[in-house]
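The chain below stands alone and is given as structure tokens, in the form predicted alone.
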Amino acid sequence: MLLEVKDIHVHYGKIEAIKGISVEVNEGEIVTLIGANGAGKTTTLKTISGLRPLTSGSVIFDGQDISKMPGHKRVEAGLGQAPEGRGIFPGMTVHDNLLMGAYARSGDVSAELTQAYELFPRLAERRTQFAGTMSGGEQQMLAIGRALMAKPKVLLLDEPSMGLAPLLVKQIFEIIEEINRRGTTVLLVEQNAQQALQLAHRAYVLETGSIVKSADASALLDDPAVRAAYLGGDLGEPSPNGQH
């Protein structure tokens, strides 16, 4: 087991956002968390990467309890994250943004730079361009490329398709599949349930801070309740009665 989240509870003030979630990610897998807005998906990722403190429970990574480890130490241990909203440095060039992803590493990072530019040829074309002037899709590629610069064992991806045109979404998901094929384990939070379930090996369904289903992704694609709740369109789109 490469990553194990055990019965975590997380609070924002007095509000319990995560109510005892347990998630397992084996080496080489793509695992996805799906659920409507406010289900707790992003909070779960932030807790794993050290951006949110646990109230109780534990996060075990590569055999080590990292529950109290600072976020930057988790990056050094092998957890990389491309955050929701991308979080690129707009006033820095593409190249310098990528180098920021390797801040925790010493030594030569040219092999990782080469891989990032190979995975994302668009970034290679724009390596001297300021990141803030790029399109949303290009910024998403940069966020993923930057996370890969740390050579993570597990890549945490938070809403990589958000705000992107369908053609770009397809391209981003193909790149995620290629990253996994090259040996990086992926934990994916995604509003586009259809795409996520087609890509992932296993999936967890979150509702209001709890896991309500977990199964092979292909089984959840065929699950009538999941289809009715999440596969009529992108998650987060209001249903006809105005509810998520």
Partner chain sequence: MFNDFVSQFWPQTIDGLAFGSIYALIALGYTMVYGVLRLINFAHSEVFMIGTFGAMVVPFVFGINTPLTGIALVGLILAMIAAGALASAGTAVALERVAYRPLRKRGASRLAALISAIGASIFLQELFALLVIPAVFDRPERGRIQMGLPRIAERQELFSIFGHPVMTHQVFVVVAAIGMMIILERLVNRTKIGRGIRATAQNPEAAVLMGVDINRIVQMTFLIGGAMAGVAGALYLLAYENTNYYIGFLFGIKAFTAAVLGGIGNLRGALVGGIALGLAENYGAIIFGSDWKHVISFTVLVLVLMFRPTGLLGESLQQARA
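Numbering follows the first chain given and starts at 1. Being a predicted model, the structure only gives us computed values, none of them experimental.
This next part talks about the form predicted in complex with the partner chain, which is not shown.
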>> Given that the partner chain is not shown alongside this chain, does Tyr117 nevertheless sit within 4.5 Å of it in the predicted complex, heavy atom to heavy atom?
In response: no
> Quick one: does Leu51 come within 4.5 Å of the partner chain in the predicted complex, counting heavy atoms only?
Replying inline: yes
> Any of the heavy atoms of Arg202 lying within 4.5 Å of the partner chain in the predicted complex?
Replying inline: no
>> Against the partner chain in the predicted complex, would Leu168 count as a contact residue? Criterion: heavy atoms within 4.5 Å.
In response: no
> Hey, of 42-50, 202-210, 59-67, 180-188, which bit sits against the partner chain in the predicted complex at 4.5 Å between non-hydrogen atoms?
Replying inline: 42-50
> Taking the partner chain in the predicted complex as the reference, which of Leu164, Leu113, Val75, Leu155 has a non-hydrogen atom within 4.5 Å?
Replying inline: Val75
> Which residues, if any, of 135-168 lie within 4.5 Å of the partner chain in the predicted complex when only heavy atoms count?
Replying inline: Gln139, Arg146
